[in-house]
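Only one chain is given next, in structure tokens, and it is the form predicted on its own.
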Amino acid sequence: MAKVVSSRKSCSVNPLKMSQPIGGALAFMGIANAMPVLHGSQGCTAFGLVLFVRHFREAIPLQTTAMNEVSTILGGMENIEEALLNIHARAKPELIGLCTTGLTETRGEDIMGELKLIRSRHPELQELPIVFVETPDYKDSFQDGWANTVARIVCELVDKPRFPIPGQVNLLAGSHLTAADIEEIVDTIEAFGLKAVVLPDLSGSLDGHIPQDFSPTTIGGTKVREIRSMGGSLATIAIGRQMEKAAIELESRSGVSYTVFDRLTGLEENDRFLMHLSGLSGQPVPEKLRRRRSQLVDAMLDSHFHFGGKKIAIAAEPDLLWAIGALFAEMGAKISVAVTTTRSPLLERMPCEEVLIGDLEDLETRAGDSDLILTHSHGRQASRRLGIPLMRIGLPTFDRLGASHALNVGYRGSMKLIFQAANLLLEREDEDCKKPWGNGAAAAQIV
């Protein structure tokens, strides 16, 4: 059992953590024809916009209420009203997601009351779903903003079940999953003859495809009517501990039972996932999935020699930290450094002595004797200074292409993760072999 400690520094020097509003906005981007709005200054939204564009390399729909000095003091209701009316008139979204920021949360506003008043003034907004989420960026992190937003979407949109929908299951996708991850999970579910309603579904909106026509809103994802139907599903599957809150909310509203899978990396967890799907569908595990399992077992046998005793330093959001760290610990590596952003029940279960809630400076000061560093692109300077290979995981990944297509779950994703890390460790071993020896006699002993 790991000991969870928090950094005592006065400030974050090289931040690992991203804010709640960013996570909330990204969750709304997994809904079709949606428009996320950050209630704050233009700078708050501009930061998130740049971050998403650099990671996904796509057009990002994200708007702001454009708070200024006067509205910050006197109140931002007029800014919200103007933003909602303009977005409704020009973009014609099927849903607007409104996330607060530290600026508006610090002042304090009765935004729910303001939204009721705005709707009463403007009948054209009566039928438009407007989901409001409190996401102060001085509290919690990206993962929490995503989780709170999904739970709020469930609360606002999921209807009471009228009749069961045969073969339909709900898939609550955590923020640590890429578009390729979600697509892989959906394909696996469909292999058992089931239909998945994904919330949120980035595999439809931010998977790197080119739309036929321009749209000012999201260009794919789960439709609002599909979200409303989740109350009639056979079961709910939540991927990541962060999604348990939304799963509980969904069960309380509709009675649909849920199962949480903390990770879908590694052999045992994927076996359990497939057995769960087999139980839901009444069908045996398809032969193609059995073959993928065999390929993963072979990959683990081929690679475990290169992981044994290696020291690995990881910095990521809690669910991603758990998914990657547990897999590599099973391969025989030692998690020498584990740094994360916020509290989670998973942290105490990490296969290491200590988990630090800190930043990338904490990672750098502790990872000097590690063999491999795993974090997002902001860790590249630390990797260069320490001379330790960097394996990029999570968001943002802006100095490499194909972040949305990185596959990290299932048998195939686990195999790719293992090979990617093993190859970096092999490369490091090759570099060590190239280092000059003290004398020719020592060099002659190397055959």
Partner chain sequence: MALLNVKVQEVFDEPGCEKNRSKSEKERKKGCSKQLVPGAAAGGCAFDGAKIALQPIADVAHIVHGPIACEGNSWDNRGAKSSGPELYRTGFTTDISENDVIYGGEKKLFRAIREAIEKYHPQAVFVYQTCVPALIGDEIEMVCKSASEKFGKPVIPINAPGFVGSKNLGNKLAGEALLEHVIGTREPEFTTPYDINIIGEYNLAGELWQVKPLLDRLGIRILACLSGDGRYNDIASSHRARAAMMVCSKAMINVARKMEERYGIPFFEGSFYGISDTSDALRNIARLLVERGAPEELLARTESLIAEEEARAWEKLRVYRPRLAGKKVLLFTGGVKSWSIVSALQEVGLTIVGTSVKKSTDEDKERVKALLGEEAHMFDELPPREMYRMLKESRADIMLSGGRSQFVALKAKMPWLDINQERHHAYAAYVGMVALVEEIDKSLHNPIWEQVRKAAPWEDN
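In this text, all values refer to a predicted model and were calculated from it rather than measured experimentally. Positions refer to the first chain, counted from 1.
In what follows, reference is made to the form predicted in complex with the partner chain, a form of this protein that is not presented.
Q: Is L115 one of the residues lying within 4.5 Å of the partner chain in the predicted complex, judged by heavy atom distances?
A: No.
Q: Contact with the partner chain in the predicted complex for E287, defined as at least one heavy atom pair within 4.5 Å: yes or no?
A: Output for E287 is no: heavy atoms all beyond 4.5 Å of the partner chain.
Q: Counting only non-hydrogen atoms and a 4.5 angstroms cut-off, does R428 reach the partner chain in the predicted complex?
A: Judged by the heavy-atom cut-off of 4.5 Å, R428 is well away from the partner chain in the predicted complex.
Q: Indicate whether the partner chain has at least one heavy atom within 4.5 Å of a heavy atom of G43 in the predicted complex.
A: The answer is yes: G43 has a heavy atom within 4.5 Å of the partner chain.
Q: Taking I22, H378 and Q381 together, does each of them reach the partner chain in the predicted complex with some heavy atom inside 4.5 Å?
A: Each of the three qualifies.
Q: For the interface check, one of 411-419, 386-394, 50-58, 25-33 should have non-hydrogen atoms within 4.5 Å of the partner chain in the predicted complex; which one?
A: One stretch meets the cut-off, namely 50-58.
Q: Consider the chain as shown here, without its partner, and state which of S254, T342, S281, N79 has a heavy atom within 4.5 Å of the partner chain in the predicted complex.
A: None of the other options qualify; the answer is N79.
Q: Here the chain is shown alone; which of A83, I335, A247, I96 has a heavy atom within 4.5 Å of the partner chain in the predicted complex?
A: Flagged contact: A83.
Q: Where, within 48-77, is there a heavy atom within 4.5 Å of the partner chain in the predicted complex? Residue list please.
A: Stretch hits, in order: L49, V50, L51, V53, R54, R57, E58, A59, Q63, T64, T65, A66, M67, N68, E69, T72, I73.
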